[in-house]
Every structure is written in structure tokens, then in C-alpha cells.
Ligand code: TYD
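Starting off, we have a lone chain in the form predicted on its own, written out as C-alpha cells.
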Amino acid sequence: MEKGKFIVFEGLDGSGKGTQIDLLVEEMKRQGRKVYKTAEPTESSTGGMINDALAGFVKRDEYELSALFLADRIFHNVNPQNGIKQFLERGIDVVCDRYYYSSFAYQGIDADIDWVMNLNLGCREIMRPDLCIFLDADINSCDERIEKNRFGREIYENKETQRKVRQRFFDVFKRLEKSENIKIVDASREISEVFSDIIEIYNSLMQ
């Protein structure tokens, strides 16, 4: 049986990941693929602890948060009910909203980025994606979307932090360019134009 493809979407908060993921999943299914859509943090108990920290309900430093994301990510990969590995082994594609690149970019601002990267890349239980698509959107536009569509802001959802996060993403992509399949898409355009690029990237992966 052919193994499923593992595709990750990354981007700043408000970059339009959810919209583009839904469009791609719909197109993949139209092409006859079986697809499982997922996201990080997960809905596990560890994911709940992370969400409480992101919402500002519980104060955690970046090292503790990095370790929680690692534990949640391992669970995300290996749990027998809806883990990434078991779907891929059954020939089902997995499309994930955020993965370890976000840990590198967000927690890597204040925590030792080498430590955060080694935690994830050195763990045998954490799968490497076949493709990472980064939606690069204007920070001001992202901020406007957050303001319009959210009831409250998470701890990273301010312009100053998002500028640092965006730079961290590009630092990380530079470091991983020879070992991972990372594609950067200009997400400041119309939804249909962004999706056109994503489909081209996806079709190249499937050839």
C-alpha cells in the first residue's frame, strides 16, 4: 500500500491557513485522495494545557511551553486512535495546521532555538513532513484579521511579536532548506491566487 502524504501549513496568526487548508483538502478529496485534517495543539490534555498558556490563563516560560508542545506532538504522531503515523501507514494523507516549525519560530524567540530544534528533529517518534507550505502574509493584514475575527488575543498575537516570529520562520527555513521540502507562498493576494500557487505546489509533490 502506498503511504499517505504528510503536508503541513505554517504562517503567522491571521495569515489565512484555515481557509487554504480547507480548499486544499476539498481538492485532494475531489482527486480521489483520502485525507485527514488535523492541527496543533491537539485536543489532548497536554494540548489543553498549551491552549491555556497561549490564552494567557496560565503563565509558562518558553522552555516549559516548548516541552509541552514536544509531548503533545509525540502524542499527535503515535496515538493509535487518530495519530499521524497510523493514517499515513494506511495510505491516508494528513494535512496539519502548524507543526514543529511553529515551535522553532514562536518558542525560539526567547528559548534557545538550537535546543528547541534538537528536541523535535532528534525525536524518532516525530514524523518529517513531505511538504511544508508557509503562507507569508503582511503583518498589518494579519493583525486586522485577528482583530476582526477573534474575541480575544493570544499571548503572541501582537505586531511586535509577530515581526519577530516571521523573522524566526525565515531563519529556520534557511537552516532546513537542504533537508526539508519548504515552499513559501505570498498570502497577501486574493484567496484564489494564493490557492492557485498551492495547487501547483501540491501537484508537483504528487508527480
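Don't overthink the numbering: it's just position in the shown sequence, from 1. Keep in mind that what you see is a predicted model, and the values were worked out from it rather than measured.
Below, we refer to the form predicted together with this ligand, which is not included among the displayed structures.
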Original post:
So in the predicted complex, does D97 come within 4.5 Å of this ligand, heavy atom to heavy atom?
Top reply: yes
Original post:
Any of the heavy atoms of Y63 lying within 4.5 Å of this ligand in the predicted complex?
Top reply: no
Original post:
Is F134 a contact residue for this ligand in the predicted complex, using a 4.5 Å heavy atom cut-off?
Top reply: no
Subject >> D197 within 4.5 Å of this ligand in the predicted complex, heavy atoms >> reply: no
Original post:
Can you pick the one in I139, L176, M28, L54 that has a heavy atom within 4.5 Å of this ligand in the predicted complex?
Top reply: L54
Original post:
Does each of Y36, N77 and P129 have at least one heavy atom within 4.5 Å of this ligand in the predicted complex?
Top reply: no
Original post:
In sequence order, which positions of 72-111 have a non-hydrogen atom within 4.5 Å of this ligand in the predicted complex?
Top reply: R73, D97, R98, Y99, S102, S103, Y106, Q107
